[in-house]
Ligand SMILES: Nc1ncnc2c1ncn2[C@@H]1O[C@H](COP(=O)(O)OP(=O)(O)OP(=O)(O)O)[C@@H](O)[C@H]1O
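Form predicted on its own, single chain, as structure tokens, below.
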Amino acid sequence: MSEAPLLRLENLSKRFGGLKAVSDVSLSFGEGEIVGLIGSNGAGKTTLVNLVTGHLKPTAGRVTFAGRDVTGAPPYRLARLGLLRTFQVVQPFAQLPARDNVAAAALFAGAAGDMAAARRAADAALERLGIAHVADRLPTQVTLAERKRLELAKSLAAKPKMLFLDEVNAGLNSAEIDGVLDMIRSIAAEGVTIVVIEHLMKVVRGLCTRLVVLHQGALLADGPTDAVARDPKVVDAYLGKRGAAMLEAAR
């Protein structure tokens, strides 16, 4: 991991009228980390990710990525710098086959200079994620697990430096989850920083070496997974005794 953080958030805040959805959050992320971002519904996780990835502009605070101030920058600019995200609800272009869905992402992020190069990048990403066989199929013709991998393929073809994965395992069975976790580990092993927004304790414990916990829009805890999972504040605010036991059992 390099000494300088890849991503730094400084006192990041977002208000919606009288509601402070994110409150003075300061965090840093290094290269190649796999970090879990957890918290109860309404804790501010999605809002924080939207602020970082350009889908919302902060009310206050600063975002620095790869040494550049990118506060409030639009998603396309951030994508071209290598800061990308997936969405919990997968929404591919329904009229385009899988290959062109992935190629579109490569073009959007500036990772390919023309459509031919973008399609080559798409084929490589689909092959790597084990779904080359769906390249010519429409998204409606593939399974949920394949659509989840298609979303990951789009991100890979865009050549990310940092990737936020929002509930990427939602709706998958145990075997499918294990396959996705292996893929995420292999991506991180190449130096890509990954932040996983997740509720499944199996995923958090099996994948993340570090946990960030939000509560009511504020940073509640940040540290090694085991230590954070045992933090009484985290147990009281989010995990509860049953959740803490599940996290411990997933070791």
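Just count from 1 along the sequence shown to find any residue number. Everything quoted here is computed from the prediction, not taken from an experiment.
A second form of this protein, the form predicted together with the ligand, is not displayed here; the remarks below concern that form.
Listed stretches are 41-49, 219-227, 201-209, 188-196; the contact stretch with the ligand in the model of the complex is 41-49, by a heavy atom cutoff of 4.5 Å. Contact annotation for the candidate site: Phe16, Ala21 and Gln88 all lie close to the ligand in the model of the complex (heavy atom within 4.5 Å). Interface residue remark: Glu146 is not counted as part of the site for the ligand in the model of the complex, having no heavy atom within 4.5 Å.
Using a 4.5 angstroms threshold between heavy atoms, Asp100 stays clear of the ligand in the model of the complex. Applying a 4.5 Å heavy atom cutoff to the ligand in the model of the complex picks out no residue from 201-215.
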